[in-house]
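The chain below stands alone and is given in structure tokens; this is the form predicted alone.
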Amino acid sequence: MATQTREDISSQLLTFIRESFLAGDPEGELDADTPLLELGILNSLNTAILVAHLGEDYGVHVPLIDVTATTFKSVRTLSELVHESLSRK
């Protein structure tokens, strides 16, 4: 599998989060820098769902030590995590 760009990953994660947690984001408010935890988009259940998604769709295992407010701050920080993990494969 060719390594995806950060932008591709970001776009895919935005779509997943919109559809899974924001009823499609009809107001179009979510972007790559939206603070996911601060705004309550990610709670404990949604974070677990997102971690499972990263494993299933990207083959990226997120160790518990990396499940932090810094890593899960925004789609941009998550895209960076996924991109770095894919680049090491």
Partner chain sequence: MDFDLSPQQQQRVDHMRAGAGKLPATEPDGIAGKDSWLAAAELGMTGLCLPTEHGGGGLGALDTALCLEAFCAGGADTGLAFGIAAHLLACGTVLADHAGEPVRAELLQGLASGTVVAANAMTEDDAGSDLSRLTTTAVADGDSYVLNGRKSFVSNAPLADVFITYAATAPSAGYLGMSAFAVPRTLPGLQVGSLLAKMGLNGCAAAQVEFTDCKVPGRYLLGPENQGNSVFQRSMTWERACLPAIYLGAMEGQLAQCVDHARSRKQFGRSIGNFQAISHRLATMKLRLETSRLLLYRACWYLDQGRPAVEAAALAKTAVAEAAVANALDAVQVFGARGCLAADGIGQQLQNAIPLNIFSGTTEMQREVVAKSMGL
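Positions refer to the first chain, counted from 1. Every value quoted in this text rests on a predicted model; they were computed, and no experiment measured them.
The protein also exists as the form predicted together with its partner chain; that form is not presented, and the subsequent description refers to it.
For the chain shown alone, Ala32 is not a contact residue for its partner chain in the predicted complex, no non-hydrogen atom being within 4.5 angstroms.
Among residues of the shown chain, Leu42 is one whose heavy atoms approach its partner chain to within 4.5 Å in the predicted complex.
Contact check for Leu81: no non-hydrogen atom falls within 4.5 Å of its partner chain in the predicted complex. Residue Glu56 is the only member of 52 to 66 with a non-hydrogen atom no more than 4.5 angstroms from its partner chain in the predicted complex.
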